[in-house]
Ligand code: HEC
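Below you'll find only one chain, the form predicted alone, shown as structure tokens.
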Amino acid sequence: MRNRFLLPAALVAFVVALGLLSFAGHQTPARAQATTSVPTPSVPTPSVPTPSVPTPSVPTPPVPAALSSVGRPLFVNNCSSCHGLNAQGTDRGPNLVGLGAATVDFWVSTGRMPLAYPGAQAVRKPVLFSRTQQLSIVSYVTSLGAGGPGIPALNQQAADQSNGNDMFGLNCAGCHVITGTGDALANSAFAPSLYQASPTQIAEAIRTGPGNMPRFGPGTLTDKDVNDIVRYVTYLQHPANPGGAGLGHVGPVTEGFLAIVVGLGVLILAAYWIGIRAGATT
């Protein structure tokens, strides 16, 4: 009797192996890169947007100017090797003057800068500086020249998650997918997972367009739209699962995997058991 179940067991194992290979193949580089811990750098080659950033449509919280004196030595020791002593740019890094507080804050607060190693794009990694130190660097760079958007002011209590879903689907899901897990792009680039981004970082990315991401100014997405998108993305980070287990929140990939492994495996065993029983009664 034991030998009779060897064949269906082998078939189920084969199906499971195929499912695992398929599931692994669908793990996007974006999500893998977003959770990779990379040592902090010595001499980087940064990837920061070029400085033609529109002025924000509404006032944003100012960064304390008093922090500029604290930020200068931090910038000199960690950033000037690529961006120059006065952030004017070098052949290894672009000019940062006039990009605005939101741009500098995004790259520093997400750990993408200072850059650990050259690559297709900078990856998120453990943050090198405390929040006060981050704002100090922002204060120093913005003191060198005006321009660009400030750090966004958000009011999540007044946000409309439904509108955020619509706006995200129209403007962001093409790269980050509708669940915010990210996806691969051309030329080894990727749209990163949004699961680790803070509300401020999400809004900063929308307004400044880091890396391959387009920049969405107030003429494309209003401040209300940005606030609503942030609310939707923060929901994605901790969504409700009224239908049961979340299954990693990567959509039909995991659902199909479970259907193949569990559903098809059970059907194979059931069909084989029915065949054995039918043969025993004849």
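These figures come from a predicted structure and were not determined experimentally. Numbering starts at 1 and runs along the sequence shown.
Unshown form predicted together with ligand HEC; subsequent notes refer to it.
Check: Using a 4.5 Å cut on heavy atoms, which of 154, 151, 197, 135 is close to ligand HEC in the predicted complex?
Finding: The residue from 154, 151, 197, 135 that makes the contact is 197.
Checklist line | Of 163, 171, 143, 86, the one that lies within 4.5 Å of ligand HEC in the predicted complex (heavy atoms) | finding: The residue from 163, 171, 143, 86 that makes the contact is 171.
Check: With a 4.5 Å heavy atom cut-off, would you call residue 210 a contact of ligand HEC in the predicted complex?
Finding: Because a heavy atom of residue 210 falls inside 4.5 Å of ligand HEC in the predicted complex, the answer is yes.
Notebook entry, point to check: With a 4.5 Å heavy atom cut-off, would you call residue 108 a contact of ligand HEC in the predicted complex?
Noted result: So residue 108 counts as contacting ligand HEC.
Notebook entry, point to check: Could you tell me if residue 99 has a non-hydrogen atom within 4.5 Å of ligand HEC in the predicted complex?
Noted result: Within the cut-off, so yes.
Check: Counting only non-hydrogen atoms and a 4.5 angstroms cut-off, does residue 67 reach ligand HEC in the predicted complex?
Finding: Residue-level check for residue 67: no, no contact with ligand HEC.
Checklist line | Partner contacts in the predicted complex for 204 to 233 (non-hydrogen atom within 4.5 angstroms of ligand HEC) | finding: Sequence-ordered list: 205, 206, 210, 211, 212, 213, 214, 216, 221, 229.
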